[in-house]
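Just the one chain here, laid out as C-alpha coordinates, in the form predicted on its own.
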(Lines give C-alpha, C1' and ligand atoms only; values in the text may rest on other atoms or scores of the structure.)
Protein backbone atom coordinates (compact mmCIF):
# COMPACT_ATOMS: atom_id res chain seq x y z
CA UNK A 1 0.00 0.00 0.00
CA UNK A 2 1.29 3.46 -0.83
CA UNK A 3 -0.09 6.61 0.70
CA UNK A 4 1.10 10.02 -0.44
CA UNK A 5 0.15 13.11 1.55
CA UNK A 6 1.23 16.71 1.20
CA UNK A 7 1.36 18.62 4.49
CA UNK A 8 3.33 21.79 5.13
CA UNK A 9 5.90 21.06 2.44
CA UNK A 10 6.17 17.51 3.74
CA UNK A 11 5.56 14.58 1.48
CA UNK A 12 4.84 11.35 3.27
CA UNK A 13 4.94 7.84 1.81
CA UNK A 14 3.70 4.87 3.82
CA UNK A 15 4.15 1.21 2.96
CA UNK A 16 3.25 -2.16 4.40
CA UNK A 17 6.24 -4.47 4.09
CA UNK A 18 4.99 -7.97 3.34
CA UNK A 19 7.06 -10.43 5.35
CA UNK A 20 5.70 -13.61 3.82
CA UNK A 21 8.28 -14.00 1.05
CA UNK A 22 11.43 -12.43 -0.34
CA UNK A 23 9.98 -11.68 -3.78
CA UNK A 24 8.05 -8.72 -2.39
CA UNK A 25 10.97 -7.39 -0.35
CA UNK A 26 12.25 -4.19 -1.87
CA UNK A 27 8.93 -2.99 -3.29
CA UNK A 28 8.78 -0.01 -0.92
CA UNK A 29 12.31 1.09 -1.79
CA UNK A 30 11.53 0.79 -5.53
CA UNK A 31 8.41 2.94 -5.07
CA UNK A 32 10.25 5.53 -3.00
CA UNK A 33 13.04 5.69 -5.59
CA UNK A 34 10.47 6.41 -8.31
CA UNK A 35 8.75 9.12 -6.26
CA UNK A 36 12.04 10.78 -5.23
CA UNK A 37 13.05 10.93 -8.90
CA UNK A 38 9.74 12.62 -9.72
CA UNK A 39 10.44 15.16 -6.96
CA UNK A 40 13.77 15.96 -8.62
CA UNK A 41 16.05 14.89 -5.77
CA UNK A 42 19.69 14.26 -6.60
CA UNK A 43 20.72 10.79 -7.81
CA UNK A 44 23.09 10.47 -4.83
CA UNK A 45 20.30 11.13 -2.30
CA UNK A 46 18.01 8.72 -4.12
CA UNK A 47 20.73 6.03 -4.13
CA UNK A 48 21.41 6.41 -0.41
CA UNK A 49 17.72 6.37 0.54
CA UNK A 50 17.07 3.36 -1.71
CA UNK A 51 19.94 1.31 -0.26
CA UNK A 52 19.00 2.08 3.35
CA UNK A 53 15.33 1.29 2.69
CA UNK A 54 16.08 -1.95 0.87
CA UNK A 55 18.36 -3.20 3.65
CA UNK A 56 15.67 -2.35 6.20
CA UNK A 57 12.96 -4.12 4.22
CA UNK A 58 15.07 -7.25 3.91
CA UNK A 59 15.72 -7.20 7.65
CA UNK A 60 11.99 -6.90 8.34
CA UNK A 61 11.29 -9.90 6.12
CA UNK A 62 14.13 -12.01 7.56
CA UNK A 63 13.61 -11.25 11.23
CA UNK A 64 10.15 -9.77 11.83
CA UNK A 65 7.75 -11.17 9.22
CA UNK A 66 7.24 -7.67 7.80
CA UNK A 67 6.39 -4.29 9.17
CA UNK A 68 5.68 -0.69 8.20
CA UNK A 69 7.87 1.78 6.35
CA UNK A 70 7.33 5.53 6.35
CA UNK A 71 9.30 8.04 4.32
CA UNK A 72 8.99 11.76 5.01
CA UNK A 73 10.49 14.25 2.57
CA UNK A 74 11.27 17.70 3.94
CA UNK A 75 12.99 20.64 2.27
CA UNK A 76 16.35 19.67 3.81
CA UNK A 77 16.19 15.91 4.43
CA UNK A 78 14.53 12.57 3.86
CA UNK A 79 13.50 10.64 6.96
CA UNK A 80 12.95 6.89 6.87
CA UNK A 81 11.11 5.18 9.72
CA UNK A 82 10.89 1.39 9.78
CA UNK A 83 8.68 -0.32 12.39
CA UNK A 84 8.10 -3.98 13.06
CA UNK A 85 6.58 -6.14 15.77
CA UNK A 86 9.21 -8.85 15.52
CA UNK A 87 11.36 -10.39 18.24
CA UNK A 88 13.50 -7.29 18.75
CA UNK A 89 17.28 -7.01 18.61
CA UNK A 90 18.96 -8.62 21.60
CA UNK A 91 22.31 -6.81 21.30
CA UNK A 92 22.28 -3.73 19.05
CA UNK A 93 26.04 -3.15 19.30
CA UNK A 94 26.72 -6.72 18.19
CA UNK A 95 24.11 -6.48 15.41
CA UNK A 96 25.87 -3.37 14.09
CA UNK A 97 29.09 -5.32 13.47
CA UNK A 98 29.66 -6.18 9.81
CA UNK A 99 29.15 -9.88 9.21
CA UNK A 100 27.16 -10.58 12.37
CA UNK A 101 23.86 -12.24 11.56
CA UNK A 102 21.12 -14.20 13.29
CA UNK A 103 19.59 -15.27 9.96
CA UNK A 104 18.73 -18.93 9.61
CA UNK A 105 20.65 -21.27 7.30
CA UNK A 106 17.59 -21.34 5.02
CA UNK A 107 17.64 -17.54 4.66
CA UNK A 108 21.39 -17.61 3.98
CA UNK A 109 20.90 -20.28 1.31
CA UNK A 110 18.66 -17.75 -0.49
CA UNK A 111 21.53 -15.25 -0.54
CA UNK A 112 20.33 -13.07 2.34
CA UNK A 113 21.45 -12.66 5.95
CA UNK A 114 25.11 -11.77 5.37
CA UNK A 115 25.16 -9.41 8.34
CA UNK A 116 25.49 -6.20 6.33
CA UNK A 117 21.94 -4.83 6.68
CA UNK A 118 22.30 -2.59 9.72
CA UNK A 119 25.90 -1.54 8.91
CA UNK A 120 24.83 -0.56 5.37
CA UNK A 121 21.82 1.31 6.69
CA UNK A 122 24.13 3.34 8.92
CA UNK A 123 26.75 3.78 6.15
CA UNK A 124 24.27 5.26 3.65
CA UNK A 125 22.46 7.62 6.02
CA UNK A 126 23.53 10.73 7.90
CA UNK A 127 21.86 9.64 11.13
CA UNK A 128 20.41 6.36 12.36
CA UNK A 129 18.67 5.55 15.64
CA UNK A 130 17.51 2.11 16.72
CA UNK A 131 14.94 1.44 19.43
CA UNK A 132 14.28 -2.22 20.11
CA UNK A 133 12.37 -4.08 22.82
CA UNK A 134 12.71 -7.85 23.02
CA UNK A 135 9.42 -9.53 22.26
CA UNK A 136 7.82 -6.28 21.05
CA UNK A 137 9.71 -5.10 17.99
CA UNK A 138 12.10 -2.58 16.54
CA UNK A 139 11.88 0.96 15.21
CA UNK A 140 14.71 2.35 13.11
CA UNK A 141 14.81 6.04 12.20
CA UNK A 142 17.23 7.20 9.52
CA UNK A 143 17.92 10.57 7.94
CA UNK A 144 19.53 11.44 4.62
CA UNK A 145 20.33 15.13 4.34
CA UNK A 146 19.63 16.84 1.02
CA UNK A 147 22.59 19.21 1.24
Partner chain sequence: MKVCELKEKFGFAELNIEDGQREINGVYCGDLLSWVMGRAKESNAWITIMSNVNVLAVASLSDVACVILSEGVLLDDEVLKTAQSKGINVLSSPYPTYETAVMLSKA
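The model shown is predicted, which means the values in this text are computed figures rather than measured ones. Residue numbers count along the first chain shown, from 1.
Another form exists, predicted in complex with the partner chain; not displayed. Remarks below refer to it.
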Give a yes/no on whether residue 124 approaches the partner chain to within 4.5 Å in the predicted complex, heavy atoms considered.
yes
Residue 39 versus the partner chain, in the predicted complex: is there a non-hydrogen atom within 4.5 Å?
no
I'd like to check something about residue 92: if you look in the predicted complex, is any of its heavy atoms closer than or equal to 4.5 Å to a heavy atom of the partner chain?
no
Does any heavy atom of residue 25 come within 4.5 Å of a heavy atom of the partner chain in the predicted complex?
yes
Single option in 64, 81, 51, 103 placed near the partner chain in the predicted complex, where near means a heavy atom within 4.5 Å
51
Taking 33, 98 and 120 as the candidate spot, are all three within 4.5 angstroms of the partner chain in the predicted complex by heavy atoms?
yes
